[in-house]
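Below you will find one chain, with nothing else, as structure tokens; this is the form predicted alone, and questions on how it binds or moves follow later.
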Amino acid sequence: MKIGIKQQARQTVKLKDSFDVRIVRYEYIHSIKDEFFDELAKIANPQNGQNILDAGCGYGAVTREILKRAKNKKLNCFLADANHTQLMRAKEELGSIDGHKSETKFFIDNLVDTKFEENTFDTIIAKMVIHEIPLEKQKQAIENAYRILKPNGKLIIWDMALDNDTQLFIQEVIRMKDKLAGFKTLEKNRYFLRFDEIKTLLSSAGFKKAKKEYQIVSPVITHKRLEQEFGNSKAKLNKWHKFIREKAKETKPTILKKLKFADEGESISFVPPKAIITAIK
């Protein structure tokens, strides 16, 4: 079939990156506790002179919290994000930290198309990043992480670690939230992995000793998304609630119990399985 000029134009329009407009504080909307960062810092165990990559750094929370807990160490911190808006936020965020000896450098970069050379980093930390990568490119991202790590380097993934029971519910509910919020690239690209899928990606890339180090208990609380993601639109929040309730009716009670699902009327909460996972090159 011949494609007209107007049709061609529509097909080549690139979606605007949702991270240009999704300006949120993850510590709030994800109910992140200081103890989670305490565990992350222990697992990373940064040493003087090490090169640490904060991959998909967003506004730099991982590096910020690592530096707070390693004030007496001199680290080489590389913060990389594919989105310029988020990287500018990271520069502002890190500029407010006093009293650390470490060096921070900022890069427009991502694990799928990274420009970093092989054997560069002692540690790579990817917090809530892998699920933002389209499914067909996740393998390439993990392979690149392996390549740019030094021998015996450590990859740390903080992300969803779902299972066969919980994956479909979480995927569909979060996708609807992104659709209602107008985050089109998130709606299109996100794929929330099961833990067995993460292990397979790590193993196929050559990593060894992949394991869960720490279970993250971080509930989704719907009313926390009202201001920062729905722009205070209660109509959008209510549409999301309606969708969640419909999905809950289709979901086995045992799965809802596993997710600690609770409907309090004006807000709904559930706890997706998340974990800090490590693997060694």
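All residue numbers refer to positions in the sequence shown, first residue = 1. For clarity, every value in this text was computed on a predicted model and none was experimentally measured.
Although not depicted, the form predicted in complex with a small molecule is the subject of the following passage.
Of the listed positions (Q138, N110, T104, N144), a single one reaches within 4.5 angstroms of the small molecule by any non-hydrogen atom in the predicted bound form, namely N110. Proximity to the small molecule in the predicted bound form, taken as a non-hydrogen atom within 4.5 angstroms, holds for one residue of V173, L201, A181, M128, which is M128. No residue in the set K239, I244 and F270 has a non-hydrogen atom no more than 4.5 Å from the small molecule in the predicted bound form. Contact annotation for R22: at least one heavy atom lies within 4.5 Å of the small molecule in the predicted bound form. Among residues of the shown chain, Q86 is one whose heavy atoms approach the small molecule to within 4.5 Å in the predicted bound form. Taking the partner from the other structure, the small molecule in the predicted bound form has a heavy atom within 4.5 Å of a heavy atom of C57. In the predicted bound form, A82 approaches the small molecule with a heavy atom inside 4.5 Å. The candidate stretches are 193 to 201, 130 to 138, 67 to 75, 96 to 104, and the one lying within 4.5 Å of the small molecule in the predicted bound form by heavy atoms is 130 to 138.
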